[in-house]
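Given next, in structure tokens, is a single chain: the form predicted on its own.
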Amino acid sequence: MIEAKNVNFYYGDFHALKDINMTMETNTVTAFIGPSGCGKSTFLRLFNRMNDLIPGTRLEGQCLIDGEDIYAKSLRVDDLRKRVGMVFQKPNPFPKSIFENVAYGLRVNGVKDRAFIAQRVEESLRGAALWDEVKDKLKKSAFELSGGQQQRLCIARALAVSPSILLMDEPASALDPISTSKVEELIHSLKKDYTIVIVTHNMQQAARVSDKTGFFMLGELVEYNDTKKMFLNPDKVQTQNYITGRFG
């Protein structure tokens, strides 16, 4: 379970997130929607501490995973990132073979057992619905894959280290409609094993893949609700206006 309690976040003097409170349940898909620059990607990146890499940032409040404060001084960020996988907007395979892309996280974490690595690579590629397409060319460069295949490879790479949470920052925005459909089917199938949080500009995508949706506006969480209710009968006028295209 993922929780945000009274979260405020600053880039220098800029107040990017304002008093966010939210709970994301285990084995669900949560979508964040809202206009560009509203804070949804910033909020997503708090949960694997990627914002730590940006100078001058400051967090107030708590971000919890299964009740543990992930910003506690005792917590090792490397351990956190094993539990929380990340998939980015553009596919970013490494300049390595398909096999080594997926094996990379295991090797970095000190796994040397070849049979175990081979097993995890196959399991992860199957989990990302890619195995049947690449099983005969595992030694070929990842750059030979199509954009949609590369994105599923990046998902397989994230799965290989057995995380419990997957963060996805607009994972289909650079893909064609057929590849987007495959990624959406994949998200739906993965939620039985993972808790998934996705940022998307595509409201139809949020409606298709998520169980709950959070609508962000100017750094505030305007509304957080069951996706069906959010799209059919939102509680807030601002949400209604955004969903119906009156602004944004």
Partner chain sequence: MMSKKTSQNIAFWVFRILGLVVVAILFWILGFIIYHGAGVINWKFLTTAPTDGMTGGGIFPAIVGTFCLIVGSMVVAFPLGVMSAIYTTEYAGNGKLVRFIRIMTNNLGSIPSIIFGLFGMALFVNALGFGDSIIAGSFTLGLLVLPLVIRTTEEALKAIPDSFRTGSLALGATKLQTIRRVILPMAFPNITTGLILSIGRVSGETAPILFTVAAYFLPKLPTSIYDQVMALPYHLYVIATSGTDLEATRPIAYGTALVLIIIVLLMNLLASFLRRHFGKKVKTN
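Just so you know, these numbers come straight off a predicted model, no measurement behind them. Residue numbers count along the first chain shown, from 1.
The form predicted in complex with its partner chain exists for this protein as well; it is not shown, and the discussion that follows is about that form.
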- Interface stretch in the model of the complex with its partner chain - options 25-33, 64-72, 201-209, 45-53, non-hydrogen atom within 4.5 Å: 45-53
- Message: Is P95 near its partner chain? Define near as a heavy atom within 4.5 Å, in the model of the complex.
- Response: yes
- Item | Any non-hydrogen atom of I117 within 4.5 angstroms of its partner chain in the model of the complex | no
- How about D113: is it within 4.5 Å of its partner chain in the model of the complex, going by heavy atoms? no
- Query: Does the 4.5 Å heavy atom contact test between D78 and its partner chain in the model of the complex come out positive?
  - Reply: yes
- If we test each of A129, L138, A174, M86 for a heavy atom within 4.5 Å of its partner chain in the model of the complex, the one that passes is M86
- Task: Give, in sequence order, every residue of 143-159 that has a heavy atom within 4.5 Å of its partner chain in the model of the complex, or say none if there are no such residues.
- Result: F143, Q150, R157, A158
